[in-house]
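Next up: just one chain, as structure tokens, the form predicted alone.
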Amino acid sequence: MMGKIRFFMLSFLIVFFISSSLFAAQGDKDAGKKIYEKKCWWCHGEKGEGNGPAAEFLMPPPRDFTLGVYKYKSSPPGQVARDEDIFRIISDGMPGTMLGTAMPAWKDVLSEKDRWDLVAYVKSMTDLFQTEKASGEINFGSQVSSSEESIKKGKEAFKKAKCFECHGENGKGDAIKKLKDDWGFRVWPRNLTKPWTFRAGSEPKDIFTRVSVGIPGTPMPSFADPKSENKLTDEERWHVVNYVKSIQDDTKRLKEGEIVVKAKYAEGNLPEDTNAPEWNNASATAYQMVPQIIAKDRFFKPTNDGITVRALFNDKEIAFLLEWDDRTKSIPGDADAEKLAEGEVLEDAVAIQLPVTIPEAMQKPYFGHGDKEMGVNQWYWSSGNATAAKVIDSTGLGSGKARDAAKTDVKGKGEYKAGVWRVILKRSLTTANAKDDLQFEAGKFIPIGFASWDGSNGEKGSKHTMTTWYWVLLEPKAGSKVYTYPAAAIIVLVVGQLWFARGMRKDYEK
């Protein structure tokens, strides 16, 4: 019986690989052209030159197929991409956050044959594939298992190959170096601590391929090229893979269902140092930042893609620690910032948005600066005044008015280090101005939202990234019975948010 099962499985695999090879060899470019004209030209252009109607709004720009240059390939350095490389990108897209790439996965939309037909058509847009052919995949050698010793050697190889010159000492992509690709477009070094943003996969084999092949057309070189002065051996490249895997920061990874910032009660004074150990006692919740698309200045290419939030409170105050990765410290007049900026250097900034009063029955104001029925407070901090914050009152888009600093007790303090901004925003739980200020109460779900501005990317005013509404919950002291809503309400809340998010995603995909 087992022998029959093995025979069946072997036969299936043989048929599968033969059929895949036949599709690859017999891709019909004429059929691929019809698919391209329905699905692909909006971004890549009518003739594949990367100049479709949507191209100017995309970062990175769509691939120009007429050049025959593919960034993410597995063939040896100097060779054209393999058919399998093009097929994989069409099938899987380029995974990452919304800010990473606009290339979707087509494997759930197009049949395997359709995708191979597309491969044949996009290859026909250049004569490069008529004269050149890839010899196969690169040699992966013998993979090195991860260990403390391997990670240490990988860090040494990272330094030896001068990877830090672009990716930074800690892999945050924050080195002071302005980079452009072969077509003159601005490119940013990858933040290696966020593997979920890697555009060609984050498995060890994927990372080894990228270190070995490089990214053609960009400053990312091949470290397997014998001609390179920074060449690394197969073993050294595997050590680098293990080092890169070791520095990933999962606290900044989005987790489905996490919609509540849980403010933890703390005895004594709340920390004023962004690196104080007390913050480790607070749960970290990560949120995705997306471009503001409602008000003017909505068409831009953002760089900051996420924010991590922690919160602590005591009997008198509440404090939020906001942390986000930013490759540049943007302060007007700063020499390093001016070298890296796209035009004028503006301030980096971050804001918390809260309703003026705790809504009843889980209601929320309009997330775009509130509305006339339900106004909002915005706690705003900027790098130009790193030790202060201001409060802006809004009842709708364009209605915001900054308060006199003497009439608010919101305090702010920020620090930039190794590609990361950490900002504390703090305020009393209750104020004398109950008409205009949110009065915090433990055990109640309070709507909260976030926004950030990257000054080196020319972001100011309505040009920024933001989240939708989430919730902050001040967890009562141990043994307290002041929860307003039972556990069932929390479950309903989470399920409702997930249902809404999935519905929005389906609408977006349509």
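Quick note: we count residues from 1 along the sequence shown, nothing fancier. Quick caveat, the model's predicted, so the values are computed rather than measured.
The next section is about a form of this same protein that is not shown, the form predicted together with a small molecule.
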{"property": "Among 284-292, 384-392, 236-244, 249-257, the region lying within 4.5 Å of the small molecule in the model of the complex by heavy atom distance", "result": "236-244"}
{"property": "Contact test in the model of the complex: residue 427 vs the small molecule, heavy atoms, 4.5 Å", "result": "no"}
{"property": "Any non-hydrogen atom of residue 39 within 4.5 angstroms of the small molecule in the model of the complex", "result": "yes"}
{"property": "is_contact(residue 412, the small molecule) in the model of the complex, heavy atom dist at most 4.5 Å", "result": "no"}
{"property": "4.5 angstroms heavy atom contact with the small molecule in the model of the complex for residue 188", "result": "yes"}
{"property": "All of 90, 106 and 223 within 4.5 Å of the small molecule in the model of the complex, heavy atom check", "result": "yes"}
{"property": "Of 270, 102, 374, 151, the one that lies within 4.5 Å of the small molecule in the model of the complex (heavy atoms)", "result": "102"}
{"property": "One residue of 134, 128, 358, 166 in contact with the small molecule, assessed in the model of the complex (non-hydrogen atom, 4.5 angstroms)", "result": "166"}
